[in-house]
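Only one chain comes next, encoded as structure tokens, the form predicted alone.
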């Protein structure tokens, strides 16, 4: 049997990480078995499935590197086939017309459940069973003549030859209905696998209230597609060892449904941030430079190629998300930075700091070579000679030339800024805070 999986979202303008994790698992499973990964856009809700919503979905998949092996199937193009199947079921006595929802609401088409217990072997959760008395007949065509999800979903899976339906466990109740539909339509059942829910720290469904929840949010906040992909793979699945940072090939090789957990998976944004940092460190120099150039452009911070050469080494190993690039670079490229009020109060507005800055100014003016090693020796000698300690010397100087107490290594920063600019910034800060 040639494996065929599918991702069948209903575009609404946002793509939740739970839906995208299902897409990733389908993609990995298909690749592991040398099969095909399909995309079906369930766009029958014309009010919500707008061209913009569909474009958002497709861009999210492209960003995560999820390429379908066949052209997308748009469910709205299959309505005639869905309605014809409903007519066929009625002819066979397996569906019937009835008013649903009260007098005057119009006739729907309902599917007649077989009246027996339904069981299936879930590839992740094991044997699942539901008794006949707990399953009622259900609508497959609305009174307005449009097919319902259940009929359209099953019929399109049959049409596309889907062999494995891997989706969230919120669909388990639907699966009992779908099995009955498969049998009524005379089709072979696919293998079903239901993924655990993604939850927050309180065990509730993870949502926007808990932080970034949509793929677009993570992209806008500076995460890499490869990092989010890797993180979502491990959110409910494990390769069976201690590996966390994994290449696509390693994931494909290791991915089997039996290693998916059946219990809920809890989001850990700290772990994602760590993973994103590791992926940023792995970027090629050219890719990081391109990301830096783009981030600065968005922030409207101009930089020449020569300036990038000087600035990038200072921030290269400090960037955890791409959105941190512009704030880290700003004071190096422009002098309109703000002063951190807490840092100023804690480290700058202290007794003796003005005298320290005056002494440093003289030393920086007189030093023969304004390079990082020379400046490092100068500052260390001053700390030792004055007996003031690094905490009383370095932070005030840093705040004056950057506005912040922390940041890239101080002496390379001083070298990049140059003697004249450092002195100018020192003078400005002293005038602002002490005169």
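Residue numbers count along the first chain shown, from 1. Predicted model only: the values in this text are computed from it and were never measured.
Just so you know, the form predicted together with the RNA exists too; it's not on screen, but the next bit is about it.
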Residue stretch of 267-275, 351-359, 217-225, 86-94 approaching the RNA in the predicted bound form, non-hydrogen atom distance within 4.5 Å: 267-275
Selected contact from 78, 142, 289, 248, since only one has a non-hydrogen atom within 4.5 angstroms of the RNA in the predicted bound form: 142
Contact residue in the predicted bound form, from 161, 114, 313, 240 (heavy atom within 4.5 Å of the RNA): 240
Non-hydrogen atom within 4.5 angstroms of the RNA in the predicted bound form for each of 130, 169 and 405: yes
is_contact(residue 148, the RNA) in the predicted bound form, heavy atom dist at most 4.5 Å: yes
Any non-hydrogen atom of residue 106 within 4.5 angstroms of the RNA in the predicted bound form: yes
Residue 156, heavy atom within 4.5 angstroms of the RNA in the predicted bound form: no
The RNA contact at residue 48 in the predicted bound form, heavy atom, 4.5 Å: yes
Contacts with the RNA in the predicted bound form - residues in 392-419 whose heavy atoms fall within 4.5 Å: 394, 395, 398, 405, 406, 407, 408, 409, 410
